[in-house]
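Take a look at this one chain, the form predicted on its own, written out in structure tokens.
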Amino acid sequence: MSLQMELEHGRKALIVRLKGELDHHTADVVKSRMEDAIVSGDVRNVILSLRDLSFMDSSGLGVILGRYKQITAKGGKMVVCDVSPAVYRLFELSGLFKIVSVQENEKSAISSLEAV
């Protein structure tokens, strides 16, 4: 299965919706598209919606961690939402939830940024 990626520039953040599999085959595309959107759109906050993400490996974790560092270097925040149980477990094992905020859905993620 491949990966589909939707980018939406909202008022508060860049919303990135991933559908399919984020693995070593698709990680470079996600990395470059997110980097370009963050730089060209002068983005300070990112919401990563993983509702339709069916699989992620360590390459995906690397992409997320790299964009987290890019956003926090600009004084921004990254919020992850709609995480499936399998991907949630991967986040737990990797320790990513210790640094990245997680919310139940996009609406909650947007609200969490309004407090920033």
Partner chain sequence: MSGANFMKLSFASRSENESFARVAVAAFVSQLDPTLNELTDIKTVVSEAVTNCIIHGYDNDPNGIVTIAAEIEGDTVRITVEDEGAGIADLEQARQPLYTSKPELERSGMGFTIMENFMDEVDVTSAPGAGTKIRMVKRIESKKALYN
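Numbering follows the first chain given and starts at 1. Since we're looking at a predicted model, the values are computed, not measured.
Below: the form predicted in complex with its partner chain, not depicted.
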Residue-level question: is M56 within 4.5 Å of its partner chain in the predicted bound form, judged on heavy atoms? yes
Against its partner chain in the predicted bound form, would H25 count as a contact residue? Criterion: heavy atoms within 4.5 Å. yes
Touches its partner chain in the predicted bound form: V29 (any heavy atom, 4.5 Å): no
Report yes if any heavy atom of N105 sits within 4.5 Å of a heavy atom of its partner chain in the predicted bound form; otherwise report no. no
Honest question, do G76, V83 and I99 all end up within 4.5 Å of its partner chain in the predicted bound form by heavy atom distance? no
Can you pick out, from R33, R89, R51, R44, the residue that has a heavy atom within 4.5 Å of its partner chain in the predicted bound form? R89
